[in-house]
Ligand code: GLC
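Have a look below at one chain only, the form predicted alone, in structure tokens format.
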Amino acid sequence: MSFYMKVPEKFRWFRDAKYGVFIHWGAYSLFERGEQVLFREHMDQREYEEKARAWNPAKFDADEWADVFVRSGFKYACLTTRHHDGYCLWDTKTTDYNSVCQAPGRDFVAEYTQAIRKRGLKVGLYYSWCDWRKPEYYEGPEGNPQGWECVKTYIRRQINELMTQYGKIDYLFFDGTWPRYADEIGTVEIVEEIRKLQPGIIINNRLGYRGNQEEIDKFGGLSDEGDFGTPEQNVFPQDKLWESCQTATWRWWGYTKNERYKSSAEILKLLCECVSKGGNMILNVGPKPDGTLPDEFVSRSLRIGKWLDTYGEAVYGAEDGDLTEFATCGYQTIKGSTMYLIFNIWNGCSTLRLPDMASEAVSAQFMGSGKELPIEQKGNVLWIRELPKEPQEELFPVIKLEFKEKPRTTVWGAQRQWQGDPQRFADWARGQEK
């Protein structure tokens, strides 16, 4: 049984969703220099707080956000309920430093969860372990035992509020444990409480475990990987559920004035790479200080959403499918007896040669137009004929290949370059490939 099939039933929605949206938004957007401006610029805490308390994003409309997210093809969303600066977007009783007690007078988490759930998307929340306003977090249990106990209580109460006040939460993203560890924070106990309150929730890997096996065994047999891994700004396949966290911009997660944005093609390339390697991608947006989504994000996301309307079959619910040498053209995914060839490069050749295909192909066609393409197969080599010189799709064309069984490959397809027994390279170099 493949890893793809070993995923627990309650997490299969996540495995199949493939594409989510991350929302880094809070009072820091007011400064228009990213989500970490307070720390990066070593700003005065009191001056920052004064401005944060006056922040009032009057144009925030959760329904408008949800509409864009659905039309963009996202299947789940995650909002930063509290980032490292400590400002809370919900009606918390732990501090008045929140959007209900301050200028907005609104519970943004409530508005967000209601709108996202209403549109059929899975609901995700982000929570930062650290709070830059609290020196006790950095002094820790040894430097400030009494203060540290207060911090632990503060964390647990806030998480409990988020898990009990907003209905079913599908996804939870923790962040910012440094310099504390799981045994100090009480991560195992907190996760156990969360799972009692939200039995179906999927929780990410940033839990603060020290990493040695003795401690992993001591704290419930869990590792820092949680339910899924979260490589950031890169695509790093893992032997478990994983999700690549990517910004729509060149660098920052929170809104940054005049930040450059990746193109639709660049974003789509990242998504297809993640799916072809067995993972998800969550794409970040930093809404503006007034609560609206940046035009650059909206236009790029909607363009990808339009592509997904036609080719989403090759993405949603698809398995990794790196069976044949296709790197010069793009990516492969598999669903049942179907293989999808996603072209991010169209080289204009009239014939495509696919080596190492151990299963018998039945047909090939362009998705979208449905145009059938002639195929020829001899042994483990499959040719697709009569390809047009120019691509028939503005973004990435997709060819849908049907096989008599689930597509399989040979040892060459499985191991590729720089892997396996080098003798097969020697035999091939001599013209004696077996």
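Numbers for residues come from their place in the sequence shown, where the first is 1. The shown structure was predicted, so the numbers you read here are calculated from the model rather than taken from an experiment.
Separately, the form predicted together with the named molecule exists; it is not shown, and the next lines address it.
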TODO: Choose from 78 to 86, 312 to 320, 354 to 362, 106 to 114 the stretch whose residues reach within 4.5 Å of the named molecule in the predicted complex, heavy atoms counted.
DONE: 78 to 86
Task: Partner-contacting position among Cys245, Leu268, Ile334, Ile155 - heavy atom within 4.5 Å of the named molecule in the predicted complex - done: Cys245
Open item on the list: Just to be sure I understand the contacts: of Asp175, Glu189, Glu139, Glu161, which is the one whose heavy atoms reach within 4.5 angstroms of the named molecule in the predicted complex?
Closed with: Asp175
Open item on the list: When the contact criterion is heavy atoms within 4.5 Å, does Glu232 count as touching the named molecule in the predicted complex?
Closed with: yes
Open item on the list: When the contact criterion is heavy atoms within 4.5 Å, does Phe22 count as touching the named molecule in the predicted complex?
Closed with: yes
- [ ] Using a 4.5 Å heavy atom cut-off, state whether Tyr126 contacts the named molecule in the predicted complex.
- [x] yes
TODO: Please run the contact check for Phe228 against the named molecule in the predicted complex: heavy atoms, 4.5 angstroms, yes or no?
DONE: no
- [ ] Determine the residues of 252 to 268 with a heavy atom within 4.5 Å of the named molecule in the predicted complex and present them in sequence order; the list may be empty.
- [x] Trp253
